[in-house]
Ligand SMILES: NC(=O)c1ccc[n+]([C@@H]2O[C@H](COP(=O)([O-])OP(=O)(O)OC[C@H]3O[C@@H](n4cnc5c(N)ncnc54)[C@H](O)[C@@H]3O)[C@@H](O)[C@H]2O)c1
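The data below hold one chain only, encoded as structure tokens and taken in the form predicted on its own.
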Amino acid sequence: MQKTTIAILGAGAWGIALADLASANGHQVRVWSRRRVANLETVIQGAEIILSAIAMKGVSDVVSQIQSFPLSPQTIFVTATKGLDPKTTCTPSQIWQTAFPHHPVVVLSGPNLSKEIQQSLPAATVVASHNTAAAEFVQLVFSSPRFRVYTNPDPLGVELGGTLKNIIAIAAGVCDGLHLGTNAKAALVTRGLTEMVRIGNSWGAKTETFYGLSGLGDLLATCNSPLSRNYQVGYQMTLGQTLPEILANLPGTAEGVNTCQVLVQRAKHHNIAVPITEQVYRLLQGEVTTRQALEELMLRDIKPEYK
């Protein structure tokens, strides 16, 4: 395909992994980071794709900055951030699309542990957009023999899968830290997926999206790997570490912590049952111990599985 100019915003592990994939395909890649001196306007100038891999807390500010710069009408925005805005509960793609209503916005999400991708281990991901041509273009840019890219027409579902599974991953870390066994872990992940579908449906996302790579796939990867920062939060809490101590020593952001707080507010407002999220929230707030959180889940009223 024609060589493309790509601006990648965010020089964390995920941003660099995506930059490496695009560079290996021969595309011109520029990387911007708050910690570096490169000017944001210079980095995005002439870019056909602007890919955001910045932490959720920085999305709105960067979007505001880019709104003041001249852009080609053909520029495609790709968001690879997994989180929810604490003020509006909006997803990253909703923030980008509101700011740039006439530009295609594509969501990139999947079971993509950055360290494994940087080691050239095989992986797959999903690019989703209401603009099919834009999704297919991004698919071509990042696809390689070691990185398989699928398209999907449900960007909200793809984005929520990658966002909501971070909360379940915190619970999975607790499960492993307490040595509760395979049966308990299987039950947690399965009921976690049910909770994700329930939340997604209330938001307008499609059920089948959550059974794909960006939902179940990402959930399995994040709940079973010590490479996951969210998993590490839960695991290390079972060792007696405080949340501030854990977050201070993590290499990067555990988006599940903020997502959990935002989601609890939204669930109350929309009357959505989120028992796992509620217990993770209480744990992060210091209201219960890891063992108490587990007991609360096990003592819930018995019920049919699919209600």
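We number the residues from 1 along the sequence you see. All of these numbers come straight from a predicted model, not from anything done at the bench.
If you look for the form predicted together with the ligand, you will not find it shown, but the lines that follow are about it.
Would you confirm whether the three residues L21, Q118 and P145 all fall within 4.5 Å of the ligand in the predicted complex, going by non-hydrogen atoms?
None of them does, since no heavy atom lies within 4.5 Å of the partner.
Within 4.5 angstroms, counting heavy atoms, which one of the listed stretches 178 to 186, 80 to 88, 94 to 102, 134 to 142 is next to the ligand in the predicted complex?
Partner-contacting stretch among the options: 80 to 88.
Can L113 be called a contact residue for the ligand in the predicted complex at 4.5 Å between heavy atoms?
Heavy-atom contact with the ligand at 4.5 Å: present for L113.
I246: touches the ligand in the predicted complex, heavy atom cutoff 4.5 angstroms
No - in the predicted complex, heavy atoms of I246 and the ligand never come within 4.5 Å of each other.
Taking the ligand as it sits in the predicted complex, is K57 near enough to touch it, meaning that at least one heavy atom pair lies within 4.5 angstroms?
Result yes; K57 sits at the interface with the ligand in the predicted complex.
Using 4.5 Å between non-hydrogen atoms, is V62 touching the ligand in the predicted complex?
Flag for V62 set to yes.
Taking the ligand in the predicted complex, which residues along 12 to 27 bring a heavy atom to within 4.5 Å of it?
Contacting residues: G12, A13, W14, G15.
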